[in-house]
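Given as structure tokens, the chain that follows is alone and in the form predicted alone.
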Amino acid sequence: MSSSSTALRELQRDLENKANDLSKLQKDIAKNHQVRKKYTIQLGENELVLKELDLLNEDANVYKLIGPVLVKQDLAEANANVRKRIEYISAELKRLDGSLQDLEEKQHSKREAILKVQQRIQSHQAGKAKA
């Protein structure tokens, strides 16, 4: 009788650990979504800046804000900087997408593992009730 209650406690402990792991995964997924949202906004802003720069004449004055100071910048250099930023942000978004997919797969497998443990607990309790 005591071995069956020990086994049940062990299953419940296992279930609790898996639930904690699932909770951590869900927090990581939420954090990924937040970071992704930030990068998506930055990408949109930079694409808008690039469109504005494309509208300018080659002799137009372009200024870059560095701290509290506006510094004159060459149009070609500004264009290149914005393109590099867009490239970087796009790469980060791709990396975040891959990370998110991995986290969601882990979450799915963790949920399945939790269901299996819950079923084992139920069958264990059903076996106990018959005894």
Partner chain sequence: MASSRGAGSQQVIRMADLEKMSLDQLKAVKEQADIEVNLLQDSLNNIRTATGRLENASAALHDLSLRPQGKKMLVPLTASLYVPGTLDDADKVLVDIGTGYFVEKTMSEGKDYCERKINLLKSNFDQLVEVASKKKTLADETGVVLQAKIKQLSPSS
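The structure presented is a predicted model; accordingly, all values stated were derived computationally and were not measured. Positions refer to the first chain, counted from 1.
Just so it is clear, the following notes concern the form predicted together with its partner chain, a form of the same protein that is not shown.
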Q. Can we say Leu48, Ala78 and Val82 each have a non-hydrogen atom within 4.5 Å of its partner chain in the predicted bound form?
A. yes
Q. What is the one choice in Gln26, Asn61, Ser90, Gln101 with a heavy atom within 4.5 Å of its partner chain in the predicted bound form?
A. Asn61
(Q) How about Leu53 - does it come within 4.5 Å of its partner chain in the predicted bound form, if we only consider non-hydrogen atoms? (A) yes
Q. In the predicted bound form, does Thr40 have a heavy atom within 4.5 Å of its partner chain?
A. yes
**Q.** 4.5 Å heavy atom contact, Ala30 and its partner chain in the predicted bound form
**A.** no
Q. What residues, if any, in 89-103 have a non-hydrogen atom within 4.5 angstroms of its partner chain in the predicted bound form?
A. none
